[in-house]
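Form predicted alone, single chain, as structure tokens, below.
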């Protein structure tokens, strides 16, 4: 028995925010953002629209694509670093939104590697024989991280108010991170089936000594209270990232993980038909591609249109590759990601 992806879907907010839009709020430009990240635009959620809402849109599409109904799902895995609430997690909220049965829901937090870790968990649930169909969702609503004082309405076209110079200066302090992220969701349905098609092998890693290179210091239960106005004013509720260290780790560790799963499957890297890399930065994607010696046509990307949607990048990319006919029966596809933790790894999928 193997775990097979039988349905995919995506959930994207309707608001498209371009680099030129961001230049209205901070000292940046389309060229500045493109050169550093490859991003041209991203999607932003509606006010009050969270990662569960986006995940539900993607999940409904994935379930329908698999030819199933919500009543057919036996378990849910929800990967996100931006849950609607600190508690409960998004799993129970998605259960209600979809009208699922009384089934277990699992919330996991491996950030940019969340979907990859979710694949491993879904595979284990299915191989146990206790579950026949698992819904895996990766969804994010990053925009609440952004410290853009009273600028949300401007970005999504609901106001023409001009940003003050003081607001512009403060927004610019975090531009190295805020220009990177977008909102969105992707979902897949996995089922246990006989045959050579499906998941495996999967190789996952964690190195907690690198936790500090990508973290958020505010909103901590080590503090009393866990969040204060001072933390917000100091920008401690915005993720902190050491860009050089993340880049170095990404272009080193992801290629290593890809080689590991290929070796476990007695394949050469050149045997792969597609490599789907977490969409964090176009320079990282190109660095991983170069390290593995793969041609550009085997390494599709969509970061230019969506930015970094963290746990959603891989399922969104996979869905689009299927829709474009890039994923065909008999292909060997590898997913790979690296994110805060540090968590990273790779998974081979035979379509």
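Positions refer to the first chain, counted from 1. All of these numbers come straight from a predicted model, not from anything done at the bench.
Separately, the form predicted together with a small molecule exists; it is not shown, and the next lines address it.
S.K.: From the list 236, 74, 176, 84, which entry has a heavy atom within 4.5 Å of the small molecule in the predicted complex?
M.R.: That would be 176.
S.K.: Scan 218, 212, 243, 200 and let me know which has any heavy atom within 4.5 Å of the small molecule in the predicted complex.
M.R.: It is 243 that has a heavy atom within 4.5 Å of the partner.
S.K.: Considering the small molecule in the predicted complex, find the one stretch among 288-296, 60-68, 321-329, 23-31 with heavy atoms no farther than 4.5 Å from it.
M.R.: Among the listed stretches, the partner-contacting one is 23-31.
S.K.: Taking the small molecule as it sits in the predicted complex, is residue 284 in contact with it (heavy atom to heavy atom, 4.5 Å or less)?
M.R.: Answer yes; at least one heavy atom of residue 284 falls within 4.5 Å of the small molecule in the predicted complex.
S.K.: Give a yes/no on whether residue 112 approaches the small molecule to within 4.5 Å in the predicted complex, heavy atoms considered.
M.R.: Heavy-atom contact with the small molecule at 4.5 Å: present for residue 112.
S.K.: According to a 4.5 angstroms non-hydrogen atom cut-off, is residue 308 in contact with the small molecule in the predicted complex?
M.R.: It does: once the small molecule is placed as it appears in the predicted complex, residue 308 has a heavy atom within 4.5 Å of it.
S.K.: Does any part of residue 338 reach within 4.5 Å of the small molecule in the predicted complex? Heavy atoms only, please.
M.R.: Heavy-atom contact with the small molecule at 4.5 Å: present for residue 338.
S.K.: 180, 247 and 280 - do all three of these have some heavy atom no more than 4.5 Å from the small molecule in the predicted complex?
M.R.: All of them do, each having a heavy atom within 4.5 Å of the partner.
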